[in-house]
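This document starts with one chain, in the form predicted on its own, laid out as structure tokens.
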Amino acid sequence: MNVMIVGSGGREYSIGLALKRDSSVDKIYFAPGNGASKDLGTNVLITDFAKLADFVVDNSIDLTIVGPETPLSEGIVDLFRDRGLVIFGPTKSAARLEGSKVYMKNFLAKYEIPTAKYIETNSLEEATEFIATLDDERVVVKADGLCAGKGVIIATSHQEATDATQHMLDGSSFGEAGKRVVVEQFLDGYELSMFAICDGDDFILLPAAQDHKRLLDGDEGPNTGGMGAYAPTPLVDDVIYEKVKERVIRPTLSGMKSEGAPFEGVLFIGLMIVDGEPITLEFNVRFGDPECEILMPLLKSPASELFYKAATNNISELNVEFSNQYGVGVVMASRDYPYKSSPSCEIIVDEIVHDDLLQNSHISYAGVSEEDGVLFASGGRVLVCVGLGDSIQEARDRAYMLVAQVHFAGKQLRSDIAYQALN
């Protein structure tokens, strides 16, 4: 089987790693990939969807996997399917679950999927009136459109929430993406990420992960795309898994069919667990990053089979197996992340001589470029150091041992990934 992965980040690189160890995969292509992905396959520098579809036909590519949200929201799946090509991901219509926070919240309310109290509006006056009705000073403000995972503000006071709303609505925060907002009550609990691989009718639920959104230790500092993650989390038991299946995933798949937009692809469910009850914070329509980097190594079944069966509405035929190990991923980011771009700088990885580390850790590269065989840090989140182990502590130790082998100017990272489980 020949497979193409659309995207250029650590998420796509980790999918490539999973396919690389899949004996049924012959060739891997990345469109466009990054400076390190060409060690796993072939980078294809084509951005036009129609020309990319031509490339798929010309190179006998059997399956295309779409990583990021933007091409999904722009309709790459629709175009490929119109050409009779097998592609994993939701259609443009189904991708509205992430492409519009307003659509997503109204969908949750319509199909009685538990979520936080909210208002969606383009009026500062309406938003301010709603904010005043909330008991908790903490308020969540979300831009309607795509903001690369950064369009959510958790305000610590009503005034801060009002200011954040104003900055979104006037376009100064997120441009057109913020011209309509969702303002919702703050929920007090613990946050989880769950991922369901869906084929429109059925699904497979992956082990629950926990992300670390804030830049600094102790969940301080600004929100980021994610500074690290671990899975599976001991904060989820079988009861919570079943509640998520019955109260969130099944009504979502049923509701999307009723909407005329069957959901196929990755349904990423951002949850808050409040007194043992799962409350849906948001949907995304692709793997989280860096959650994907720790989930892919835990997949024992062939990755190509999982994605292909989901893309061809045959997921019920699968018996998917996951490792009993744990995965911990630590993001290493560039100096000025997430505020602005940083100067490009060389990445040096020490030779790893410890056999235990060689066998149970690896790097998933993201914001990197390559020149004359040398890798350079060229993006915000540069790479993810992944450790595997029979316990969260063992996986975490290996991840941080690997971190110590990686050097580039201005690197920044959190030192407390997985603290929720270990504390």
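Only the largest set of C-alpha atoms that superpose within 1.5 Å between the two forms is called the rigid core. Quick caveat: nothing in here was measured; it's all calculated off a predicted structure. The numbering used is simple: start at 1 and walk along the sequence shown.
Only in words, not in the display: the form predicted in complex with ligand AMP, which the text now covers.
The shortest heavy atom separation between Lys309 and ligand AMP in the model of the complex exceeds 4.5 Å. Although the partner is absent here, Asp199 sits far enough away that none of its heavy atoms falls within 4.5 Å of ligand AMP in the model of the complex. Taking non-hydrogen atoms only, Glu120 never approaches ligand AMP to within 4.5 angstroms in the model of the complex.
At a distance threshold of 4.5 angstroms between non-hydrogen atoms, Asp336 is out of contact with ligand AMP in the model of the complex.
When you look in the model of the complex, the only residue of Leu205, Leu299, Ile154, Leu318 with a non-hydrogen atom within 4.5 Å of ligand AMP is Ile154. Proximity to ligand AMP in the model of the complex, taken as a non-hydrogen atom within 4.5 angstroms, holds for one residue of Val244, Ala164, Leu281, Leu146, which is Leu281. Exactly one of the stretches 172 to 180, 123 to 131, 337 to 345, 137 to 145 approaches ligand AMP in the model of the complex with heavy atoms within 4.5 Å, and it is 137 to 145. Looking at 182 to 196, the residues that come within 4.5 Å of ligand AMP in the model of the complex, counting any heavy atom, are Glu184, Gln185, Phe186, Leu187, Glu191.
With the core held fixed between the shown form and the other one, Phe130 has its Cα displaced by at least 2 Å.
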